[in-house]
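Before any questions on how it binds or moves, here is one chain, the form predicted alone, in structure tokens.
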Amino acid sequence: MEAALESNDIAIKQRRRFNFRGSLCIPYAVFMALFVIFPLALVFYYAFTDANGAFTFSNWGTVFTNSKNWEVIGITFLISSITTVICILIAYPVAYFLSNKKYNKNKVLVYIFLLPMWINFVVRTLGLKSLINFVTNSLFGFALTSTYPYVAVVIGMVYDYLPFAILPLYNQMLKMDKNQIEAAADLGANPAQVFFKNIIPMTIPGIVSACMMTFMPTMSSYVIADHMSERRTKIIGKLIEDWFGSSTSDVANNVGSVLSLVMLFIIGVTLVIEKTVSRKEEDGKKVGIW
């Protein structure tokens, strides 16, 4: 009986003892509550209420019955997809070159490619805009940003987000099994077969990560689109900003919240696709003779 009481007292003292490791999570939890959960709850609240705070679905009707909103969403998705594809096509050979110790022995080239990430993207965008217009005016007699705004926007997006595609591909290529590549070549596979049947399958996780790190920020990066197109191209991020900054409508915040949820849904779908592809890749690696 006494032993049971003593063990009970010890258990109570252990519960009362200050948990230092657990307390380290408190600042993070407070930050998440104030700057993630609470703002998201406000967005949901405004999306389903009117100017008087009454529950309604009219905000969703305002968004989805307007053909201009569908046009902006379509343009945003198209620009993001094109930007992602171009970034992958450029980043893949660059990352393969950087991960090859034969050409990049001291990793200086890696820092050169990642150096633009240390500079504010607005400064980089304005510099790129001036450079492109100078070149096109000198060679062709027109400013690219005002004559072909969509082309200029894609160029700006690719320039700003290319390092985000290079980094995950580079990290994944460092983990490749070089012995497998050499074995495939020794067994008679030509360079094309080695590339498509060995190198690409081993770098699929890096490709998926690069796509996500390029596609998701492009969906909402309206500052680049504004500057590179002379405000002639509007993407969903700019549309949301216009609604939240509007003073001519009583339901501006409500409609802006709906558009925010639409963009969040699109990004969520891409995340689900990424997780599905990654899970299939992991399951494929687990399959073996045992």
Partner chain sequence: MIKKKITLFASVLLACGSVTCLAGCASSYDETLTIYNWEDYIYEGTDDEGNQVEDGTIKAFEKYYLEKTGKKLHVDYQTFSTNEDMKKQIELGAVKADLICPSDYMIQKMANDGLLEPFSYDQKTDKYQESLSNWDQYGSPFIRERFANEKLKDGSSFLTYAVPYFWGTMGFTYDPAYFSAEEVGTWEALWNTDAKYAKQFSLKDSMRDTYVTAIFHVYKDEIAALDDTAADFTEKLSSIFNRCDDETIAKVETALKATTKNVYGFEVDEGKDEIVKGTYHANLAWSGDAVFAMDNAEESKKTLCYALPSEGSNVWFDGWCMPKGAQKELAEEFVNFICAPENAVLNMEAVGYTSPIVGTDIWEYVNDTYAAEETETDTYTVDLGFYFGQSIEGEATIDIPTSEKGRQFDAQYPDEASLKRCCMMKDFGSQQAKVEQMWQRIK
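Numbering follows the first chain given and starts at 1. Keep in mind that what you see is a predicted model, and the values were worked out from it rather than measured. Rigid core here is just the name for the largest C-alpha set that superposes within 1.5 Å across the two forms.
One more form of this protein, predicted in complex with its partner chain, exists but is not displayed; see below.
Just one of 37-45, 237-245, 50-58, 261-269 has heavy atoms within 4.5 Å of its partner chain in the predicted complex; which? Selected stretch: 237-245.
Have a look at S146, N100, Q193, N171 for me and say which one sits with a heavy atom within 4.5 Å of its partner chain in the predicted complex. By the 4.5 Å criterion, the partner-contacting residue is S146.
Is there any non-hydrogen atom of N133 lying within 4.5 Å of its partner chain in the predicted complex? Flag for N133 set to yes.
Just checking whether A252 would be counted as a contact of its partner chain in the predicted complex - the rule being heavy atoms within 4.5 angstroms. Heavy-atom contact with its partner chain at 4.5 Å: present for A252.
On a rigid core superposition, would S247 pass a 2 Å threshold for CA movement between this form and the one not shown? It does shift by 2 Å or more.
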